[in-house]
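One chain comes next, on its own, written out as structure tokens in the form predicted on its own.
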């Protein structure tokens, strides 16, 4: 399941459980809609246990779109293991990890 919350000036997307290949399409659509709204985009991973490589690819695609507008994707609530993975991939230089 993917929750979407509208905040002042941005949209928060909150995936839950394991985001595998089957859930990635839903995540990607939510990210595209959030980008289309014109504000910032935050992905709250506090209820997410794992991300597949395709889900990480969707985050990267969203980041690239946001970068064209001069902003960054904010990723919050990631477990320490997820943060380590994102750092190992070098994505902490692109995403704002909160």
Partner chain sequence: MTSPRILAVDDERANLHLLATALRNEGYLVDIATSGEQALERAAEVPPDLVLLDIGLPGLDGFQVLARLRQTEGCLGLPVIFLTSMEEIASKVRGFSLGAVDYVVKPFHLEELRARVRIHLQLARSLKALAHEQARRLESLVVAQRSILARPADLPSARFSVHFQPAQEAGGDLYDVVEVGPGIHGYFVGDVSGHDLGASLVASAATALLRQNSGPAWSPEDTFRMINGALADWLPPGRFLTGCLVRHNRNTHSLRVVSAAHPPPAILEPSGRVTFLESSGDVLGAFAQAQFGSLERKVRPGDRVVIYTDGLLERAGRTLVESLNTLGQAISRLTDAPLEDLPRLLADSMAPVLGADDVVALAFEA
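Residue numbers count along the first chain shown, from 1. Just so it is clear, the structure is predicted and the values come from calculations on it, not from any experiment.
The next section is about a form of this same protein that is not shown, the form predicted together with its partner chain.
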**Item:** Proximity of residue 91 to its partner chain in the model of the complex, heavy atoms at 4.5 Å
**Value:** yes
**Asked** With a 4.5 Å heavy atom cut-off, would you call residue 56 a contact of its partner chain in the model of the complex?
**Response** yes
**Prompt:** in the model of the complex, does residue 81 have a heavy atom within 4.5 Å of its partner chain?
**Reply:** yes
**Message:** Taking its partner chain as it sits in the model of the complex, is residue 61 near enough to touch it, meaning that at least one heavy atom pair lies within 4.5 angstroms?
**Reply:** yes
**Message:** Given a 4.5 Å distance limit between heavy atoms, list every residue of 1-33 close to its partner chain in the model of the complex, or none if there are none.
**Reply:** 21
